[in-house]
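There is one chain below, alone, in structure tokens, taken in the form predicted alone.
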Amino acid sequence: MKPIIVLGSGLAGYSVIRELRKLNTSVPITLITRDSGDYYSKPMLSNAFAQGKDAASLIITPASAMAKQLDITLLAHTEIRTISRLDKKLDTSSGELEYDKLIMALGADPVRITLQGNAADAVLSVNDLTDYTRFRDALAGVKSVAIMGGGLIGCEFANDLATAGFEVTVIDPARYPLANLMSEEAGQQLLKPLTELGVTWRFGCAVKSVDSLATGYALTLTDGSNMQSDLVLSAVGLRPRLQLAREVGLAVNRGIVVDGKLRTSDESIYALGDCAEYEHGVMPYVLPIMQSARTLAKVLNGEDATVNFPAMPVVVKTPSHPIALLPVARDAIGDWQVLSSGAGIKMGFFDNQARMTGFVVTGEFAGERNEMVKKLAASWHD
């Protein structure tokens, strides 16, 4: 019996295996990963330093224990060379393998902006345990950190590093933090708490070049200004891993295109997680991954299931000013409205029929995200 083969040992890969094992304990499953296969929480990478956690302490379950627990064959440190869709075979660095169904849970890579300067390659990014180890080691003896990007990951790192005592500067082309996810009124709420922690904000510009100094780096910004920093971290976003899918002729757009059953353009190949593009776009968050994994497990078990994404708030891990939000599309038609304000803000995004399609709650209101989900649902039934 040919196995189901899963490519990728992140949350998406392990979650679909775990969900499938709840339904079927006998189907053979092989997990192939280019890293160690240890199970850990990737979202923890951006707020682990201040807690004194190294890479080893972030591992929840070692790879060997995951393989035993889930009764799977695990091939770690294995690269995929080619996929032969016609005869359903993989050529890997661990040998040739046949599959019945193939699951792409490949994840995403950090976006790397082209920079000038002789130290452009010294800019770090953190996307896995290996990156985190390198970053943590680089922080030894460092006093200041420049963060490229004021989005979700950039703000989480800023909060974490400032809490740990570093002088942090966040550089972003927008006018306020988290500009791609929420309103300016909500974004402004984050400025004061993080500033009080020691974060300096440089909005309306980006890093143009990075050059080495005797100690640290000289940064030239696109507005013509200059600054110095002991270390530079890029947190400007993630890009789905599409190369393998492109090479084998699968339909791709921003992600690997899938239907409601998580099928790609090849009926034997499925995709989920950060590498996948669903009907409503790429959804690089924990809750959509879990929802997709449950649906795909049913499909792989022969059930008739279609993925359905309910309202799934995103929690921003900025303890100095907690935030939860339900993003709206960039081209969404409607307006943000303030519902409450104080030591934080509560806002809803309403379309032209007065239906709530998104929200943000910050500070003292951050714990009301479930109530906001209910309020959103109610606005669609009024």
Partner chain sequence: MKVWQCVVCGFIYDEKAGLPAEGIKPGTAWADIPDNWACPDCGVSKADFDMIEI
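Numbering follows the first chain given and starts at 1. Note that the structure is predicted; figures quoted are calculated from it, not measured.
There is also a form predicted together with its partner chain; it is not shown, and the following applies to it.
Contact with its partner chain in the model of the complex, judged as any non-hydrogen atom within 4.5 angstroms, is confined among 345-353, 43-51, 29-37, 325-333 to 43-51. For the candidate set T92, Q291, T220, T169, a heavy atom within 4.5 Å of its partner chain in the model of the complex is found for exactly one residue, namely Q291.
Distance criterion of 4.5 Å from any heavy atom to its partner chain in the model of the complex singles out V286 from the list M227, C205, A138, V286.
For H321, no non-hydrogen atom is located within 4.5 Å of its partner chain in the model of the complex, even though that partner is not displayed.
Proximity of I60 to its partner chain in the model of the complex: non-hydrogen atoms within 4.5 Å are present. Heavy atoms of R21 never reach within 4.5 Å of its partner chain in the model of the complex, leaving it off the interface.
Taking the partner from the other structure, its partner chain in the model of the complex has no heavy atom within 4.5 Å of any heavy atom of V373. Contacts to its partner chain in the model of the complex (heavy atom within 4.5 Å) from stretch 304-323: V315, K317.
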